[in-house]
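Listed next as structure tokens is one chain, alone, in the form predicted alone.
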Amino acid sequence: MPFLAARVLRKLFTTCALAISHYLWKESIMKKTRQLKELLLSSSLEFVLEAHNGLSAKIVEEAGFSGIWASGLSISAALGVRDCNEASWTQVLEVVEFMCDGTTIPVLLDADTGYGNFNNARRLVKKLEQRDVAGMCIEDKLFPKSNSLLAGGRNPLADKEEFCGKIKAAKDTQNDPDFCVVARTEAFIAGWGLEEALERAESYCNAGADAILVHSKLNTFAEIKSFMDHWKLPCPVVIVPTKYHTTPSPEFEKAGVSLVIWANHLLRASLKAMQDTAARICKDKTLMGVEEGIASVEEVFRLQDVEELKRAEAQYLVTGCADK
């Protein structure tokens, strides 16, 4: 009997330990989602910056940003393909997983159209929650999409009701109540005008979206300003001022914008730096002209957190040959 009681107690202890472990794991997942939701609901204007891999995500966090935009354009470009769903959603997911693993701030994924219909979108939500992604932004274009800023690009819009169903499916699927679904309307991009943009945004908000992203490819704030002047719902509004980058940020806050996404600037900065460095090395046939202007190997090691591995090796790695 004492032996049986001990077994029961051990089993009970193990069950409780697993339950506590699962709770702590879930709380860590929810922590990032709550961070993103707080950014969207903040009373002041907030900013997030683009990243496209684990290293750039760490740089965003170290710079002091409170959130990361996992850009579809930047991730696809870093993979060497076009921003028209040439990279599969599982390939994108693999990149984003590295971004989440290496950072403590929330990642909002640019999930294009949700990679298909409502069924694809709800499966995506499950996979994102498993990987600690705080939220996703889906847009009301048809799959496969083309980049909104591409000159002469085709931008047919999805049926409004169908897209509302996709939002509802995503919200019904999430396990974490703080996981955020941002609904992006491309009405201005497609040339459908203010009335359509407002109508779609209101429908998406009523369908359960946590925020609305309104996109424009004009080089002024005019379209977005007009939208904000007519927007009356409490749903937060997100913008991407890539084309109207000369607009001072206080203008965004004055208009009532909640969150600004700097959407592709680390990728573009890295491209210029790599192009200049590659050309200089090719021309000079020596490293003497570039070494002072690039990051040291030690800085790469620091960002990779090599010191943590050294500490872990000292604790866990036993070297030497065992005797037979």
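Computed from a predicted model, the values in this text were never measured in an experiment. The numbering used is simple: start at 1 and walk along the sequence shown.
Beyond what is shown, the protein has a form predicted together with a small molecule; the following relates to that form.
- Residues placing heavy atoms within 4.5 Å of the small molecule in the predicted complex fall in a single listed stretch, namely 144-152, out of 92-100, 115-123, 195-203, 144-152.
- For the candidate set Leu39, Val60, Leu267, Ala263, a heavy atom within 4.5 Å of the small molecule in the predicted complex is found for exactly one residue, namely Ala263.
- Mapping the unseen interface onto this chain, Leu73 counts among the residues with a heavy atom inside 4.5 Å of the small molecule in the predicted complex.
- Contact between Lys166 and the small molecule in the predicted complex is not found at the 4.5 Å heavy atom cutoff.
- When the small molecule is considered in the predicted complex, Glu223 lies well away from it, no heavy atom lying within 4.5 Å.
- Interface residue remark: Asp140 is not counted as part of the site for the small molecule in the predicted complex, having no heavy atom within 4.5 Å.
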